[in-house]
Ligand code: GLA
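Below you will find one chain, with nothing else, as structure tokens; this is the form predicted alone, and questions on how it binds or moves follow later.
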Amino acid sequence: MVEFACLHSAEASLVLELGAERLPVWRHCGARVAVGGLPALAATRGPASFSLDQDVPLSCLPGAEQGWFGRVAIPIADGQPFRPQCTAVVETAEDLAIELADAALGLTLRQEFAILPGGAFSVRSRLTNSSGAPIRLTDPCSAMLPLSGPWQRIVSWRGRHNAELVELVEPMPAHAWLRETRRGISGHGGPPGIYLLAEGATDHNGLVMALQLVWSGDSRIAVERDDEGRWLLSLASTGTRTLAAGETLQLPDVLLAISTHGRNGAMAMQHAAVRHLLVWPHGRMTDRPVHLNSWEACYFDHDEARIMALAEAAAALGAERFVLDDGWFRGRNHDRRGLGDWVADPLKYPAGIGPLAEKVTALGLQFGLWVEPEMVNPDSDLYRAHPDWVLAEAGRDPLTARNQLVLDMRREDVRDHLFDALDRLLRDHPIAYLKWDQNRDHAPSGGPAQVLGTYALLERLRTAHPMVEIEGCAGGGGRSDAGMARYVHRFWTSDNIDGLSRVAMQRAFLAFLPPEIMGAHVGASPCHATGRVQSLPFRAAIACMGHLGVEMDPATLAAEEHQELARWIGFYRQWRGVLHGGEVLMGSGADGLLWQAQGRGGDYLLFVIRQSPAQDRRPQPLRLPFAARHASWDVRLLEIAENRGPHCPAQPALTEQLRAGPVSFTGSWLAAAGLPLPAQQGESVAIYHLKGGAA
């Protein structure tokens, strides 16, 4: 009788075959299956030419058996290889745990697979050294999973500062596919993760697997094909780790989503898994407040009077949080000085930032402050006192970037100093929010311990100040990942807030992270990053899809634009309860249209985005597959965000009916025939409210 260990979610199954003389071996990782009277794997695998006489199938720990020619899951840097036996398998309806022990080496691995809220799996691996000597590990894999079946394409993302999250779609490899980061942070290509699309998979249908490593440092994701035609997927946090005698090391978790409802289904699972990691003040997410951030309004050129004028303008617009960005601390008139000295500049703020913070909060605004704790300028009191506190190679001058160096977060004394400085700021001032920046790559590398040191500082600060929210930023979107999601409440998506650039960028961000933690600001026009000019309604509509903020000086706006911006802030505040905390659905329409729906149950906002001028004479109806969930929908057109002027296109009568709305459509009609659309200019967004009737 063949024994199996299985874990089934609503849509997927993980199946391992158990054997008395070998490690559990993989039989399935994919869409949900019933095992039934499945024959043993050995009965399905006959002798193969020019192969070992003893078959070596894919086990739960590849490389643990002699004769395995693929990647090794847990490589030992020196000494004997890891050759464990299976000592325990514990199976419940919600999780599956496997314990593997190598008595000679003194190393035990516990692998745990669990079903998370929303349907994704978590994969967790813990290593314990019971020997009397340290064990060095090199690039240990958090998960190695089989990819048998109809997989056809890999979706991944690359990027740089101001051009984050560029989507790439490639065929499954004939030999190998690799995504590796070596800069010390997860990078501007987004989280360490990929999507795998089966044959015929779309946004709405078909088998899709999405995985991300819960990690903010260097990583490697590999898809490798063997000579039997199978692919093996591995995810690893790279670098050497030393496991001391008696120590237990938890490798970064993997969030594994397997959906038969296309990319949207896998995205929903990833969002639910990340929401499970978030730790909110009060234990729950509250309405995401509208920001006004000072950076692009004035850069380093500010003092208390100018900042107070900016805060007053923010309050008049309807903003709810004001964030004082870089330039507030001692000697900080440019990026060459002062980083690391976290005290107010006496020339700009003679009485410190206390009076400013009090005045801002008296306006009814939360007060936020920019910090960059992991970095230091050579021209700073901190560096002059502790030049040995930075990442550097012995005998070589440390390398600067943006005129700064990286503090060695592996050191407890460094973390203690930073905690004391930040703790003092938070205790002495009414600071509700920290914008935590990190503006360079790590050269030389601090390895995994550098990342863990940053996590430790954030954890200590969060414990001491649990009501303070934190925004994660790294030269824009250089460190937006599930690893940081345990410690922050918002990510700055990119320093590029050009509305057109943000369309693809924000859709890519949402592949792994939910919209309520996606920082999205209305910036100036021309855009500081691209020089392009776009209408304020278009910029605002794009920003409303995330956590809305403003990144400009409202005093530069004409009266009409000022009123328009205030109106869009009011729009966001009215609808953020629908936009956040629910699901995100994406798709495309004819003639280059993109759409995105956000909401839950039968309550959605639908954004129909036209980036370029239409090529067709009239817009074709937009099919919305999710509409089939309800028998009927009441549809109302809330906005057409575009450059309003004398040359706006003429509209059909239905457009005005939808504005006055709602107009009723059957769900089957919207799903199969489509929603009739208005004419839209290039760089415009039509926003609808959809309210579902009976399911």
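Everything quoted here is computed from the prediction, not taken from an experiment. A residue's number is simply how far along the shown sequence it sits, counting from 1.
As for the form predicted in complex with the named molecule, it is not shown, yet the points below apply to it.
Trainee: Which residue among 607, 538, 231, 370 has a heavy atom within 4.5 angstroms of the named molecule in the predicted complex?
Mentor: Checking each option against the named molecule in the predicted complex, the one that comes within 4.5 Å is 370.
Trainee: If you check 460, 417, 124, 402 against the named molecule in the predicted complex, which one has a heavy atom within 4.5 Å?
Mentor: Partner contact (heavy atom, 4.5 Å) among the options: 402.
Trainee: Among 261 to 269, 491 to 499, 141 to 149, 96 to 104, which stretch has residues with heavy atoms no more than 4.5 Å from the named molecule in the predicted complex?
Mentor: It is 491 to 499 that comes within 4.5 Å of the partner.
Trainee: At 4.5 Å by heavy atoms, is each residue in 516, 575 and 599 next to the named molecule in the predicted complex?
Mentor: None of them does, since no heavy atom lies within 4.5 Å of the partner.
Trainee: Does the named molecule come within 4.5 Å of any heavy atom of residue 252 in the predicted complex?
Mentor: Although the named molecule is absent here, residue 252 would stay clear of it in the predicted complex, with no heavy atoms inside 4.5 Å.
Trainee: Using a 4.5 Å heavy atom cut-off, state whether residue 469 contacts the named molecule in the predicted complex.
Mentor: The answer is no: residue 469 has no heavy atom within 4.5 Å of the named molecule.
Trainee: Would residue 476 show up as a contact with the named molecule in the predicted complex if we use heavy atoms at 4.5 Å?
Mentor: Yes - in the predicted complex, heavy atoms of residue 476 and the named molecule come within 4.5 Å of each other.
Trainee: Does the named molecule come within 4.5 Å of any heavy atom of residue 455 in the predicted complex?
Mentor: No, residue 455 stays farther than 4.5 Å from the named molecule in the predicted complex.
Trainee: Going by the named molecule in the predicted complex, which residues of 428 to 452 come within 4.5 Å of it through any heavy atom?
Mentor: Result: 435, 437, 439.
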